[in-house]
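Form predicted alone, single chain, as structure tokens, below.
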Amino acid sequence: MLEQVAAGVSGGYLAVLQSLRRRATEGGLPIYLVGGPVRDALLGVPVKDLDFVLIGDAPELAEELASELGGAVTVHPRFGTATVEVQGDRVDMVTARKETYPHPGSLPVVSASGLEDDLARRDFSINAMALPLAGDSAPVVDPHGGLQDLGDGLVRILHPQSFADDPTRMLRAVRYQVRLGFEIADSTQSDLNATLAEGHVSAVTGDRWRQDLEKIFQEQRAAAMLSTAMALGILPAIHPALCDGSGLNRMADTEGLGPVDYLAALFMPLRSADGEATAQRLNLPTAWLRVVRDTIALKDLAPSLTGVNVAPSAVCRALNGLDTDAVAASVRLVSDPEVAGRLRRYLDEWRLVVPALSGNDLLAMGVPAGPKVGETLQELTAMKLDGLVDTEGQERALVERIISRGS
């Protein structure tokens, strides 16, 4: 199986894997490939990253690897972990540890331990398997029935308090359920419902919830994952306003979407006050907060952008200053195809229209310096958008009329 993993990776990943296999085989290094890479290799899907557990000092080993392979290392001393970057590829290395949670939703207290404790601290059985790097045909270490659950297509937590210890695992359960086409095991569903009922979601900071949502936004089936999390009651537990999936439904069958599209879809149905409160709960960064505000504003603006008498200049007046990512997402979110078409034309054409005359040209023609120059440029732009002027000569004639009108 290690040969299968090695055949599926390249660059820095392959260099790290080869070095660690050599150290494990020749020097008896107790290191294991763990978690997602083992799961994906067993499923026969591409392995996208590598994670290792060492019975020993992982940061020290990471420093040695970085030195050998010409890479860089970042150490996280609180958890005894390190990240090695080689040829642009990032590999996580973890000191085998056990974890205890002082109270539901808290960050864990960790201490060095063995492989058994390290696998027991993980989220789901399908992620709690390890593959020794020593030798060529070592069996998978599977103390929690991950192989059986892979075969049965189940997402199952390792113990009844798993969701209470870390409620963000509920979103991870949904990610694996939808991505892999699995089902959540009945006992796991019961534990999820209990955790929601006990209110442990509120103990988790907004930053941690946002980070898990960001991971979902990167997924190919993000809309389905978010809809599922909403239906299960996870998103409404984070904030009650996250209960309308109409925006997500409009994104369900659309390809080529990015994180901002899913963010907009999630927030589009909300009222402005609810959007602000939910954004505060998730501690959204400034750029995302602007997308949220402008997506909600666009929803409220949409009725004014429909009808045969809406001129391009009116569309631009309404949309200028709004976040273009929010406008682009709203093209897919609005229900009126006429409005969607105007939003698309705004992005592709109308917002790029500028007069042939510049501010200096207007000053040379006699337009007074100051606000009048900007006002005249705006009027020229509006007339050009609406097809009322086309050539530079027509623009000059209009400016002359504006000057005479003001004298």
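In this text, residue numbers run from 1 along the sequence as written. For clarity, every value in this text was computed on a predicted model and none was experimentally measured.
The same protein has a further form, the form predicted in complex with a small molecule, not shown here; the description that follows concerns it.
Contact with the small molecule in the model of the complex, defined as any heavy atom within 4.5 Å, is confined among 282-290, 73-81, 170-178, 184-192 to 170-178.
Taking a 4.5 Å heavy atom cutoff to the small molecule in the model of the complex, the contact residue among 313, 227, 127, 95 is 127. The contact residue chosen from 274, 323, 166, 89 relative to the small molecule in the model of the complex is 166, the criterion being a non-hydrogen atom within 4.5 angstroms. The shortest heavy atom separation between residue 36 and the small molecule in the model of the complex is within 4.5 Å. The closest heavy atom approach of residue 122 to the small molecule in the model of the complex falls within 4.5 Å.
When the small molecule is considered in the model of the complex, residue 221 lies well away from it, no heavy atom lying within 4.5 Å. In the model of the complex, residue 215 approaches the small molecule with a heavy atom inside 4.5 Å.
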